[in-house]
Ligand SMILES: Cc1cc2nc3c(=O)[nH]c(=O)nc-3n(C[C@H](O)[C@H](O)[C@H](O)COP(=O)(O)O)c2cc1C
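Let's start with one chain on its own, the form predicted on its own, as structure tokens.
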């Protein structure tokens, strides 16, 4: 019997053919994965994180395996926003897939400039990464203080025009709902969470950290329970659509995030082991929705029944 479940979802006005995106920083700009399958198969592509100017990133070693995941300190290596608009966006526009640009800045003004450029270029959504150093605040990450997160959100919204702004939240905080409320009040159209958890591994033979930058971001299956918990908390705290991510490698993982309150989900680290993971997650979600007797996958969102 063919699957009759309606797979479309609406993320802050951006209608996707299915709820599966790929997470920023794990998919490049799609060219490599496009050798495996038609990029139109997935709902959305969160492109590799962009900065105003080209960045070379951090010195190697900057990625390492760890039980149930990986640590990375790539350092936002990217060609810069102008190069993305000129060379990468036209490639992505060949496919029937929503294009989400991810941006990081050192100042609120940088976020504003990038939002203006990307809105004019016609991306479908802008994902604002606030989990990066803030030069003006002495190296503190925007994502750890509500007032700073709100400042960046307001600046992004002021320059994004009709393009929806989705703010990516850091899990490295005492209470993620404080940040969620602050950016919601500042006008965010959607939220994405979680970003990586800060972690560290040490080589006991050399006594040195396995990463040149000492610490890095932990992602992969190990973080899924944290992601589910935080999506659930944020969904209770604010009335905004959520792109849930963190440890998704199969349909059941994605279903957990949607039941917790996510409208859509993103697959990341799993693709390093299996490039076809987003397709498997999409099909797994469809099977789960059909098994539950749902007519639309969107009916999973927020359907958790706490004890």
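A quick note: this is a predicted structure, and the numbers were derived from the prediction, not measured. Positions refer to the first chain, counted from 1.
Quick note: we don't show the form predicted in complex with the named molecule, though the next part is all about it.
For a residue to qualify, one of its non-hydrogen atoms must sit within 4.5 Å of the named molecule in the predicted bound form; all three of 26, 49 and 70 qualify.
The partner is absent here; in the predicted bound form, the one residue of 152, 191, 126, 223 having a heavy atom within 4.5 Å of the named molecule is 223. Using a 4.5 angstroms limit between non-hydrogen atoms, residue 276 is distant from the named molecule in the predicted bound form.
At the 4.5 Å threshold, heavy atoms of residue 113 stay clear of the named molecule in the predicted bound form, well away from it. Not displayed here, the named molecule is approached by residue 63 to within 4.5 Å at the level of heavy atoms in the predicted bound form. Taking non-hydrogen atoms only, residue 263 never approaches the named molecule to within 4.5 angstroms in the predicted bound form. The candidate stretches are 214 to 222, 180 to 188, 83 to 91, 154 to 162, and the one lying within 4.5 Å of the named molecule in the predicted bound form by heavy atoms is 214 to 222. In the predicted bound form, the named molecule lies within 4.5 angstroms of at least one heavy atom of each of the following residues of 168 to 203: 168, 194, 195, 196, in sequence order.
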